[in-house]
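Take a look at this one chain, the form predicted on its own, written out in structure tokens.
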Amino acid sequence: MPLSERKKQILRAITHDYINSAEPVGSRTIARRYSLGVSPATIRNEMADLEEDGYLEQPYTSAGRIPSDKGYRFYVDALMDPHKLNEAEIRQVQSTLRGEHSQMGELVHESARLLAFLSQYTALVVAPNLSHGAIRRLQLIPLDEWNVLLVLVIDPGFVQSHIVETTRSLQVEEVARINDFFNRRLFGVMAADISSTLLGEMREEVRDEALMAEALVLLGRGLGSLNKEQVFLDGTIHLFNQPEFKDIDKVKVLLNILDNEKVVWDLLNDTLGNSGIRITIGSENPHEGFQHCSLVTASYELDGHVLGKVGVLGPTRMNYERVVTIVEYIAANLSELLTDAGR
């Protein structure tokens, strides 16, 4: 049966109060703090109905009620009000993400720090697999007589660079000739298409075998680092600030899980192919160890293709209104930044 408007008001009030206080909420508290126009006895009866229908739980006898996973789900789907970031928070996001980030990892790590700071929960961010990006430039830059910097630029403008220690002194003409070959042969080629055949062709075309051997090794290493998504975490210390995790043994278990990159990747991979915001609450999460947590994620994209995810992990008693706004805003800014870089 659909919930009546009064039951919705009571469920919203209990959820708000419990998120703020972390204490079970009673009927007298609701009557005192919220102008619902009914007596505590009526509220108590409605709360009993909500508990019977699975929207509320009573953690122990004679206590007030708290939202169940089903209650949180109804709240985020039907009762949650939009939240707005203040001007200072908006400026912080803009200035941090639009700073100088030559490496994709730097930008993603900054995004994780922002998410953790603004939400005061744990942030998880997936850096994209750039193997499908087109090579914009591969260039050797002489540093001194024996060292050159190998710079690989892949759309939408992210840079991988490695210092190559050569086996002999390089002439300026040699570097110019090799750079010219790189530009003619590799410009616009998808990183994923750099096969062993193409690398062998490059070795045959460029006469300087010693330098090419070094360059090819580092090129392969650089491309190899692009062929998988990376997961960045920040703000795990915030778990200790939540009453749900005051039990040290309980939080240790969760921290050990978060230290396992494969588990975290699996957690995020469930939502990686989906665009838009997604909220997974408590028991909806199939991964063992996260049943007392909620995860809010959003995708960031380039030209309509999902590149990665940003997310916030916290207790089921998280401030969903604020977290959803933060996650959506940072994801949108990442998408806009990627689009600008690709122009």
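Being a predicted model, the structure only gives us computed values, none of them experimental. The first residue of the shown sequence is 1; numbering continues from there.
One more form of this protein should be noted, the form predicted together with the DNA, which is absent from this view; the next part is about it.
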Interface membership of G54, the DNA in the predicted complex, 4.5 Å heavy atom rule = no
With a 4.5 Å heavy atom cut-off, would you call S283 a contact of the DNA in the predicted complex?
-> no
Would R44 count as a contact of the DNA in the predicted complex, using a 4.5 angstroms cut-off between non-hydrogen atoms?
-> yes
State yes or no: in the predicted complex, is some non-hydrogen atom of S27 no more than 4.5 angstroms from a non-hydrogen atom of the DNA?
-> yes
Pick from 286-294, 31-39, 313-321, 299-307: which stretch has a heavy atom within 4.5 Å of the DNA in the predicted complex?
-> 31-39
In the predicted complex, residues of 59-75 near the DNA [heavy atom within 4.5 Å] | Y60, T61, S62, A63, G64, R65
